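A single chain comes next, written as structure tokens; it is the form predicted alone.
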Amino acid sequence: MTEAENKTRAELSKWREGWVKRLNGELSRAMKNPMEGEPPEVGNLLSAMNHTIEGGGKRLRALLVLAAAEAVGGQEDWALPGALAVEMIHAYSLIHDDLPALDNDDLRRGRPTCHLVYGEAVAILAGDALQSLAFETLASADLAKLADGPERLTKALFILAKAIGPLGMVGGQAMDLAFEGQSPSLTQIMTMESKKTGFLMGSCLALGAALGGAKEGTVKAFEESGRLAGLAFQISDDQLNVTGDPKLMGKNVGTDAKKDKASVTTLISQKDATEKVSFLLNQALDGLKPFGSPKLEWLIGSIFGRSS
């Protein structure tokens, strides 16, 4: 690696570290402010929400929102509410995925899952509350000074709602449940994983582009690249569920096989899965080349060969 490349990587790392710190602070504030003065029972709900939100994570999805806004000539601060919203949505999805009725996991980011600490009923409500708070947070974006601010916000709300609904993330989860113990084709599994993970990651790039002021065609291009990257991320997750180190991942491995879940690695080899991840990421990056964003390229590139 050249000196210039080392310098660029150091600058990108500094940017990420600075924003992760700010995002964590903003997430904490966003959840505490509306709860002030509420009864203790509601405070217990907040604790359950915080259990997952404050459990760590790389904040990749939020960073993608911010980088996408900058890539289209917007300001990162314009997209901050969108970045916070996708982290809340992601946390809600993790809480619900871990429930006994779904994946029945007991470890997440190195800590007991939400339902083990707070009970199944409170965990369900915590997920519901995070989803609601996500849209409240996004809707509060202060774009009033921009002539097309309301239009940007409406577009962003639509993008996120569609990505996580029955045609996107939740639909993918329904397919995942239906495929347990079955023998779906590779195409069916890829469709399911694209919905489960790809649609939310696609919405991250599309959200950032929309809040940054991009035209419809650019928003769609960003969304497509994000979906491809999200699918690659999920296939990488399938691989780590077989070969990953639980200490690095902060969660159990081998769970897909135990539950007879359908995944890409049940049908193709690890080598072929790695090649598919590489192919998808290259497609995602090709779609973003015209915008020349080192941050987006770096964030998406980090999906390849990850260990957690």
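Quick note: we count residues from 1 along the sequence shown, nothing fancier. These numbers were taken from a predicted model, which means no experiment stands behind them.
The form predicted together with farnesyl diphosphate (FPP) is left out here; the points below concern that form.
- Of the heavy atoms in D237, some are within 4.5 Å of farnesyl diphosphate (FPP) in the predicted bound form.
- Interface residue remark: K276 is not counted as part of the site for farnesyl diphosphate (FPP) in the predicted bound form, having no heavy atom within 4.5 Å.
- Shown alone here, K220 lies farther than 4.5 Å from farnesyl diphosphate (FPP) in the predicted bound form, counting heavy atoms only.
- Although the partner is absent here, F233 is a contact residue: one of its heavy atoms lies within 4.5 angstroms of farnesyl diphosphate (FPP) in the predicted bound form.
- The partner is absent here, but in the predicted bound form a heavy atom of V170, alone among L143, V170, L107, L157, sits within 4.5 Å of farnesyl diphosphate (FPP).
- Heavy atoms within 4.5 Å of farnesyl diphosphate (FPP) in the predicted bound form map, among the stretches 76-84, 146-154, 196-204, 122-130, onto 196-204 alone.
- Looking at 74-94, the residues that come within 4.5 Å of farnesyl diphosphate (FPP) in the predicted bound form, counting any heavy atom, are H90, Y92, S93, L94.
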